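Shown below, as structure tokens, is a lone chain in the form predicted alone; questions about how it binds or moves come after it.
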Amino acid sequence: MTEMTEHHEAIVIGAGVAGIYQIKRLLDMGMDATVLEAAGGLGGTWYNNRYPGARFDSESYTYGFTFSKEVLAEWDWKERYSPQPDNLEYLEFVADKFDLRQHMQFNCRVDSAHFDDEENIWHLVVNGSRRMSCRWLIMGVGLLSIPTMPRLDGVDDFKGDSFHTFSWPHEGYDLTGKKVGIIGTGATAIQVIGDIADKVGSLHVFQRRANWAAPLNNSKISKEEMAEIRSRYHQIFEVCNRTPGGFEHEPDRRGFYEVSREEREKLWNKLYKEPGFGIWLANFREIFMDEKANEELSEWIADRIRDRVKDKATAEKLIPRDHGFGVQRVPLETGYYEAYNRPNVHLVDLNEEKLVRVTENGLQTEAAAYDFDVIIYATGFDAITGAYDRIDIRGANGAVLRDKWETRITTYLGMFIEGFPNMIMPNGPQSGSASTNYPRGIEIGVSWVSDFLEYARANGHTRVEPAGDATERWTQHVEKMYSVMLMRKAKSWFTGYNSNVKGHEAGTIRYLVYNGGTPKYVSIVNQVVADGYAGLVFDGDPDGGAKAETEFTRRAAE
């Protein structure tokens, strides 16, 4: 190290939900640690995404941190599904309560992170020239933090205002009376469209692939209801801990075919009118694995779209044909389908007229030219691995992470990568956070990582990485979990599909998320600890990774 290198025992990359809790835990154990955040403030998703309609799809009271009884007692949620401004205010409240900002460095873009085999430390370059180093590199980079633009010619030619939803102006932007074009009908676009349809002069929605959506059914939370929620927080989080997705929605334990069609539709009618993910997660378990069960539910949902959209041709275009309901994360909406009943809202199906380019005045398809004042790109993210790929990460012997993951994602527990010592991911690919109620998965990951670091420090370990056989066992387990789920057939970020990222178009599945459910994941990672951190190699000792292999294998295969 040179005198110009700033050294910390741990560096956390990212000041979102994961980074906030992680730095809190590191400080609690007396570790010299800092957080590097590329944005101008903390909050991650809720700092950057300020587009109209941005809000939780998790119940607010299940989203917050559980580690502090004081925070639970002091914070009042105002809506069942809280909007972005309140969400950011909440995270700032938590950070300020524990005086965490002084340990966070903003506007710090990490360009590279290279591991030093001799000293067992990571060397970082920040903002092009600043040099830092650490023993432990903790990645809290976020799952949806790298926005992607469509691969279209002429993006820079447009003379009006344009922006990706991720980069919505922080000072706000008035769309009143403007001619607006929006590309995309994914989860973000569905929120935007429902919010702005009655404000803009005209809105043209350019749909590349139709997505299923279900009613959010949001409502205000009164002071009396908040007090009632607070009184049963322990019960709420107990439910979250035992459900596969970490939500308070528990699956219907009856067999799909054990009840009549009339009973199934009775349940669906009930769930469709209730708030949140119930229609998805409180449904029959077979809808995720059985083609016929899913087809029946999908057709029922399709009929709800037909009920809500007056124009029959438009309704049919809004019904997905390439995947069933619930085989990928379901966007929740408020007035989305009704927006298409407005005379100022127009759906452009890009399966019928291909989008050719962006022009000075708007968008050009094979069939027509569309003029706009504003173009909104709701074209998604390079999910889960995108933030890792943007950093030049090199592990032992100079191995490049993006090269290692180019053809197959491999991890151990979604938290470690073979060949990349001392780099830990509380919410990495194949961890328990991507497919769950995110903060619930985050607290599991951060708590596990923090306990591990206390163990490593107490035992004087300066280097740790997963054994190759342990990595392969975990990766095969993750892949096996996909094999029983209809999700494997969907073009979604859960399977690594992204038409905007070269090499991530439809084709080979990228096994990015853990589909075994929260209880199973927790059982496995806890067993790893009980078996002396089985599968991890400490200080180059090859015997470390062989501990309790049989027990881990049994747990993973259950």
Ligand code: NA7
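Note that the coordinates shown come from a computational prediction; the quantities given were computed from them, not determined experimentally. From 1 onward, residues are counted along the sequence shown.
Beyond the structure shown, there is the form predicted in complex with the named molecule, which is absent from this document and is the topic of what follows.
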Can you check 60-68, 26-34, 508-516, 490-498 and let me know which stretch has heavy atoms within 4.5 Å of the named molecule in the predicted complex? 490-498
Checking 271, 144, 110, 470 against the named molecule in the predicted complex, the residue with a non-hydrogen atom inside 4.5 angstroms turns out to be 144
With the partner omitted here, the residue among 402, 306, 208, 317 that in the predicted complex has a heavy atom within 4.5 Å of the named molecule is 208
Does at least one non-hydrogen atom of residue 188 fall within 4.5 angstroms of the named molecule in the predicted complex? yes
Going by a heavy atom distance of 4.5 Å, is residue 329 a contact of the named molecule in the predicted complex? yes
Looking in the predicted complex, any heavy atom of residue 246 within 4.5 Å of the named molecule? no
May I ask you to check whether residue 83 falls inside a 4.5 Å heavy atom distance of the named molecule in the predicted complex? no
In sequence order, which positions of 378-395 have a non-hydrogen atom within 4.5 Å of the named molecule in the predicted complex? 378, 379, 380, 381
